[in-house]
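Taken one at a time, structure 1 and structure 2 that follow are two forms of one protein chain, written as structure tokens.
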Structure 1
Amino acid sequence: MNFYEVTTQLKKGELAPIYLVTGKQTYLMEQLKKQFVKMIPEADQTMNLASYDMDSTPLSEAMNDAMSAPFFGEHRLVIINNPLFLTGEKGKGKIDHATDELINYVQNPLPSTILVVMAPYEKLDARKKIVKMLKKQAVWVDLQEVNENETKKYVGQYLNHRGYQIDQSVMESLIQRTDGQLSAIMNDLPKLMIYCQKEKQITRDSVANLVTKTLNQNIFTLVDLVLKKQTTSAVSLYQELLMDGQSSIQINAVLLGQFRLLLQVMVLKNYGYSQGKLASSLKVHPYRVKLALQTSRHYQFKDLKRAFLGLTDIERQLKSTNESPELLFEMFMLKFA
């Protein structure tokens, strides 16, 4: 089941005794949690609603709660957070979780209790018995990565609903800066709305000033700026990155990797490699290859080569001398441009 199906079901008041929610979409998970909480009348919430964090509370406590009948009211809602024991990972957990109790419960759930297991993980360990049981018995809600179009639609609707407008181009830059992460966007929207509350129009300026860029995004921008030979912007972006605490070697490595890919793609393309062949022989994600193919079309081999060699030189100097990375990068840009 996906997010929308569950929400419509909940709105209709159709409840299942056990839900398993997986996926890394924190925002959607938060929303879902609110939906579940709404199912319990506000007056009953103190008694019939409990949320347990498996990082600090043993599972049996939650199970005890789940197995008791609701105090007045119709339902009792028990939310289990951070069930690391469902994954293959080993936490530092000092707490022993009696997973057998959960298995028993899953086999005979109490009809008056709604048990929600919130697993904010990419993958569960499907070999574990408890996971198998849950997937079989519970309503499994998988919160998948929201694609770009849906994100845009969602954000646009969210803003419209609150009386705000956003231009297509501003939306693009918002998506770009957040890497299209819905959670990140939703986290930043309140700020934007507050800043633009007079005009009711999200401006480009506000996005540029209030939305924090992700590292990936920054690196792509940096590669672009380097190739476009925009010394000023490239250098100031580099300074920003360093200020954010990115290590210079890391930035350089990412830059270098990007240029290397561009060069490889360009050379192999001339040998008649197709996109798929490129991806498999370079062992790179096809999407990256696609992007690289697009990018490399705009640039000359000579330029790419020069940039690559220049960056290699920086790398060497970063590791063998004490020169400041800012200076090295500035020098590189000056020479390259």
Structure 2
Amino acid sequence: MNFYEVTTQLKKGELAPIYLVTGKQTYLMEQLKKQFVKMIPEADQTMNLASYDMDSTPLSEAMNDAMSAPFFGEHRLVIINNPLFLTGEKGKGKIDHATDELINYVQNPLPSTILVVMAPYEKLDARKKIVKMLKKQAVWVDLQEVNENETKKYVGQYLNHRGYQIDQSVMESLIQRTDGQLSAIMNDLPKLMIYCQKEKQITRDSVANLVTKTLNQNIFTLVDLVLKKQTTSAVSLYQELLMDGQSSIQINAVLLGQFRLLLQVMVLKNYGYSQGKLASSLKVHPYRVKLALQTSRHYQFKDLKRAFLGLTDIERQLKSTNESPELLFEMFMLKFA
């Protein structure tokens, strides 16, 4: 089930006893959490609503609450946050979570309790019994990457409901600067709305002045300059990124990753992969795949490969020598050009 389907059900008052919410769309996860809270009347929330952070609280406390009847109300809402025990990762804390209690509860939930497990992770450990049980018994809400069209629709509706307009070209600019990340866009919208409060029209200038390009977006520009062999401009942008506080190793790693993506997209496209299948197979945001497809049409495989190998050599030297990162990149550009 996706975000729109579950929110529609909640607005209709259609409630399930257990929900499992996964994915790294933090904005949508917070919005969904607010929808769950609305299911409990405000006057009852003090006694019938509880939220537990598994980074600092034992699971047993949340389960004791979930197994309690609501206090003078119809439902009790219990939210479990950051359940790292559902993944294959090990937490830094020393809390030992009794997952057997959750397994037993999932098999026989209390009808008056709404138990919501908020797991802000891309992947759960499917081998674990508790994960299998939750996926089988709970309503599973998957908040993975939102595609470009869904992002535009959501942002457009959000602005329209508040009396604002945005042209398609400005929307494209907003998508481009934020790398198509819905959470990043929603974080920037309040200041854009204040900036454009008088006209109620989000402008290109407001996006240019207030929305900071992501590192990936700057790297995409840098990739374009490298492939066009514009040495002076490429070195200048590289220096700007360093001055902005980005480390040379991080810049090179993201740059290397972008060229790896271009090579993968070029190869898989020849095998008939669509944009959607590429994003799914490579586990990359659909907008990045779209840009990679557009870029790969203009360059040859041998050039992409040569740049990738050159950046691999820079990575090796950054980790094994004291050479200046700027000098290494400049030498790479001169050789590539």
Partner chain sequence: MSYQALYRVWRPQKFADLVGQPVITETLKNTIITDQISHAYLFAGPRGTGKTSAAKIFAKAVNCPNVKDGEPCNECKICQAITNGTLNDVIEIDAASNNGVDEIRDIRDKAKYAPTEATYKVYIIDEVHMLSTGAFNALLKTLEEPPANVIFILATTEPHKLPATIISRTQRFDFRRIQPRDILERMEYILNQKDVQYDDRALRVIAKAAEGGMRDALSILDQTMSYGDDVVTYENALQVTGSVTTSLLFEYVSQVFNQDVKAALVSVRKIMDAGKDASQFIEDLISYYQNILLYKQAPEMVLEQELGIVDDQFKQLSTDANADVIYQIIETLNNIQQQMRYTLHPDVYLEVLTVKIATIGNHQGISEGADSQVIQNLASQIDDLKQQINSLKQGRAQSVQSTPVAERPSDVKPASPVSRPAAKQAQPTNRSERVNLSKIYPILDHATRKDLNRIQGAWDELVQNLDVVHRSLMNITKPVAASDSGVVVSFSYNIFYQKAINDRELIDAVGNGLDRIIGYTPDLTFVPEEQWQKIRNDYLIHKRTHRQSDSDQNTAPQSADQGPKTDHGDTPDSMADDHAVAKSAAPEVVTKATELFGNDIVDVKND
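What you see is a predicted model, and the numbers here were worked out from it, not measured in a lab. Basically, rigid core = biggest C-alpha set you can superpose within 1.5 Å across the two forms. One-based numbering along structure 1's sequence throughout.
K.L.:
Structure 1 or 2, which would you say is the form predicted in complex with its partner chain?
P.N.:
Between the two, the form predicted in complex with its partner chain is shown as structure 1, not structure 2.
K.L.:
If you line up the core, does Ala292 shift 2 angstroms or more at its C-alpha between the two structures?
P.N.:
Yes; that C-alpha moves by at least 2 Å between the two structures.
K.L.:
Can a Cα shift of no less than 2 Å be assigned to Val267 between the two structures, given superposition on the rigid core?
P.N.:
Where the cores coincide, Val267 still shows a C-alpha shift between the two structures that is 2 Å or more.
K.L.:
After core superposition, I'd like to know whether Thr312 moves between the two structures (criterion: C-alpha shift of 2 angstroms or more).
P.N.:
Yes, the C-alpha moves 2 Å or more.
K.L.:
Can you give the C-alpha shift of Ile251 between the two structures in Å, rounded to one decimal, after superposing the rigid core?
P.N.:
Displacement of the alpha carbon, after core fit: 3.2 Å.
K.L.:
Fitting the two forms on their rigid core, what distance in Å separates the Cα positions of Leu328 between the two structures?
P.N.:
Here Leu328 registers a C-alpha shift of 8.5 Å.
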